[in-house]
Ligand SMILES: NC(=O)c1ccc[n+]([C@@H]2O[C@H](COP(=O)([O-])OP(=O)(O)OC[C@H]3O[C@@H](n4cnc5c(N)ncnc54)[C@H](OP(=O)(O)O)[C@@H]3O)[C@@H](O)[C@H]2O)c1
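Only one chain is given next, in structure tokens, and it is the form predicted alone.
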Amino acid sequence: MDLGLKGKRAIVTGGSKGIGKAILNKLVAEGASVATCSRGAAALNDALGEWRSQGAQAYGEAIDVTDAEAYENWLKRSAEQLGGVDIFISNVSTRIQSQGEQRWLDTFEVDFMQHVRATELAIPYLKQGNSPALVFISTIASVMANIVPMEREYGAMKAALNAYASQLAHRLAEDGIRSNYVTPGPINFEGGFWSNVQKADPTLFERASQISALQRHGTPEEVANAVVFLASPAASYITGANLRVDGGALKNTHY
């Protein structure tokens, strides 16, 4: 199936590893030009080298997404490097180490506010784009009431992100911009959250794998397949949708 991504200009936040990198790998394979950011320069530069070796136009910078000025400047430079933006995929997330009220504030900044900040900056470029699309990476923790303590703040902020993505689908429809979000279940990859849990608490890791009807963790590539489809012209009549990539972890009827 041709997704119609050849020549598309895509920005993906947090692209040096995990889900972000898997998304970018797929976009590059489909012929898109890409830009990304990450906290660490080494992994980012390695990834950029991989994509460029495949003949792709690829741009990236190491930045802290909670630094509003640096984030804005990176996004502007990315749009300039690509010559515009057709696709914006807001993926960045991290695990917060602070506790108490500060943990809520820090999680708000990382798992909600930085998505809003970047998206509002990207919208003017998307309005000039070709079949423009927004995709947000959320989590099934956003709709789960009974979750592990370390995900309480994270789930609440991702629930807010879901609402924001849904609002954008209607707010931006007249501009031809689609907005969708993907909610993965537990996704395991080397150096990721669940990989660390597997080493530190194998029992919790196994319990997490059992919530899926498929009895396993997902992979970044399985999430990327869904994200890239939603971002592509092949999904041209899909907006305001939540595509769950959770192996059947949530047991409820879909409407």
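This structure is a prediction, so every number in the text was calculated from the model and none was measured. Position 1 is the first residue in the sequence shown; the rest follow in order.
Another form, the form predicted together with this ligand, is not on view; read the next lines as being about it.
**Q** Have a look at T107, S78, S179, S93 for me and say which one sits with a heavy atom within 4.5 Å of this ligand in the predicted complex.
**A** None of the others qualify; the residue that does is S93.
**Q** This ligand isn't shown here, but in the predicted complex which of F189, Y59, F205, F229 has a heavy atom within 4.5 Å of it?
**A** Of the candidates F189, Y59, F205, F229, F189 is the one lying within 4.5 Å of this ligand in the predicted complex.
**Q** With the partner left out here, check for me: in the predicted complex, does some heavy atom of S16 sit within 4.5 Å of this ligand?
**A** Taking the distances in the predicted complex, the answer for S16 is yes, it comes within 4.5 Å of this ligand.
**Q** Does the 4.5 Å heavy atom contact test between R39 and this ligand in the predicted complex come out positive?
**A** It does: once this ligand is placed as it appears in the predicted complex, R39 has a heavy atom within 4.5 Å of it.
**Q** Report yes if any heavy atom of I137 sits within 4.5 Å of a heavy atom of this ligand in the predicted complex; otherwise report no.
**A** Contact with this ligand, yes.
**Q** Any of the heavy atoms of D64 lying within 4.5 Å of this ligand in the predicted complex?
**A** Heavy-atom contact with this ligand at 4.5 Å: present for D64.
**Q** Using a 4.5 Å heavy atom cut-off, which of 168-176, 151-159, 97-105, 123-131 contacts this ligand in the predicted complex?
**A** Comparing against this ligand in the predicted complex, the contact stretch is 151-159.
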